[in-house]
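Let's start with one chain on its own, the form predicted alone, as structure tokens.
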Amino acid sequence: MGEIRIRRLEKAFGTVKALKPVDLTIRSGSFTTLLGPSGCGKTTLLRMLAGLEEPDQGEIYVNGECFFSKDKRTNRPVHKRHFGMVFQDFALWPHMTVFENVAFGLRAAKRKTGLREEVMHALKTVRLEGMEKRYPHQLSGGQQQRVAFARAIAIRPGLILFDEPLSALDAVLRDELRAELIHLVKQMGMTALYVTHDQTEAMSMSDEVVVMKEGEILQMGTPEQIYGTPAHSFVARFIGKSNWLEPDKRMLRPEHVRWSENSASDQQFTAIVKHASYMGDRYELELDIHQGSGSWIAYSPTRLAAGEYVQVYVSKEHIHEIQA
């Protein structure tokens, strides 16, 4: 699968502008995540790419081939886009066995030769050998998610689309499947587009993260770029924790608040400890900064008492200025 180019794609539902004109390029073989709060347009964008929603305007090109163009009146149907898709609710047929659920896409494409081999290979890939005769209600949530993934990869798609596939699972299972899923996608050399509102998923799984808000793309970059140099105050607040020296303009991350001076150019702040939370490997402190900067978060190896006065220091190179 070559790169995917989305140009000026937009969508409205009645008077609600779900997606403002959006440009996006997804590199071949990359794992790209659309990240943002509910209603930001990420799922709408995913569904338009899949062919499940028709855009109002714009174009979609896959490997240089036009899949959708309003102006050219081109709209390739879902079954001819050859994309795999994994949904939040798994979307398994309850009356079908695991085998038949995985075979569904192959049968829809009228594949007969080698169908059993393809299904069994997909089940082996997701570690569900021996479960092909079971029904979805006989499986755990994690096993059902693996069936959904097996069904998506059985057709050997050029692109696999994930619509919040782990959000229905408990935290421990979510962590386990997150690592497993990214390993399988990379192992199979697939291009993936993943939708989530969970910043941990986005930052830990992605080659590139696309942060969205109210139908717009605010920033696209590597997880390190998104976290270290946010281009918008919303991005700074939505990804990780942020301390503000000047509202919406100058900020730093909690790990850059220090308890001792490194150089004469460091800025010094007086603060009162408001609260200390034990996080296992450190204490997370909420500080009331006296110099008018409001409330900050800082990390400490030891517990400090609420009400205690402290001095904290910040190096200039760790202060990031928001340009937007």
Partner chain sequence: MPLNSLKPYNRIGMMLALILLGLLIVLPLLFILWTSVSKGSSIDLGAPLRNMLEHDLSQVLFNSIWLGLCVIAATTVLALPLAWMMAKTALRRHKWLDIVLLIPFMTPPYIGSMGWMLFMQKNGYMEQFFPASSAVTPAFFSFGGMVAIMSLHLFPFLYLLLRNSLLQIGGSLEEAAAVHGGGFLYRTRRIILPLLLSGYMMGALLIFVKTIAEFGTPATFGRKIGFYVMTSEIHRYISSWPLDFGKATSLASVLLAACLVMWYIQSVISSRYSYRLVGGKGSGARMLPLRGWRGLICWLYVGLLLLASIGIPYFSIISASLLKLRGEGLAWSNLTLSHYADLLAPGSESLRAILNSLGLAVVASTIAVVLGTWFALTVGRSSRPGQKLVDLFSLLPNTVPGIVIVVGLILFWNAKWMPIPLYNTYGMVVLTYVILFLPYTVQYVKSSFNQLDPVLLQAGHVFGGRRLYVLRRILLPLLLPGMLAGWMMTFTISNRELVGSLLILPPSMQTSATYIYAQFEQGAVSMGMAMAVVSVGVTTVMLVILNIFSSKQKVE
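Not measured: the values here are computed from a predicted model. Residue numbers count along the first chain shown, from 1.
Below, we refer to the form predicted in complex with the partner chain, which is not included among the displayed structures.
The putative spot formed by 31, 146 and 178 is not touched by the partner chain in the predicted complex; no residue has a non-hydrogen atom within 4.5 angstroms of it. Contact annotation: residue 84 falls within 4.5 Å of the partner chain in the predicted complex, judged by heavy atom distances. Taking the partner from elsewhere, residue 134 is found to have every heavy atom lying beyond 4.5 Å of the partner chain in the predicted complex.
Looking at residue 53, you'd find a heavy atom of it within 4.5 angstroms of the partner chain in the predicted complex. The partner chain is not shown here, but in the predicted complex it comes within 4.5 Å of a heavy atom of residue 88. Residues of just one listed stretch (169 to 177, 93 to 101, 120 to 128, 240 to 248) have heavy atoms within 4.5 Å of the partner chain in the predicted complex: 93 to 101.
Note on contacts: among 217, 152, 139, 185, the single residue with a heavy atom within 4.5 Å of the partner chain in the predicted complex is 152. Although the partner chain is not shown here, in the predicted complex the stretch 160 to 179 places heavy atoms of just one residue, 163, within 4.5 Å of it.
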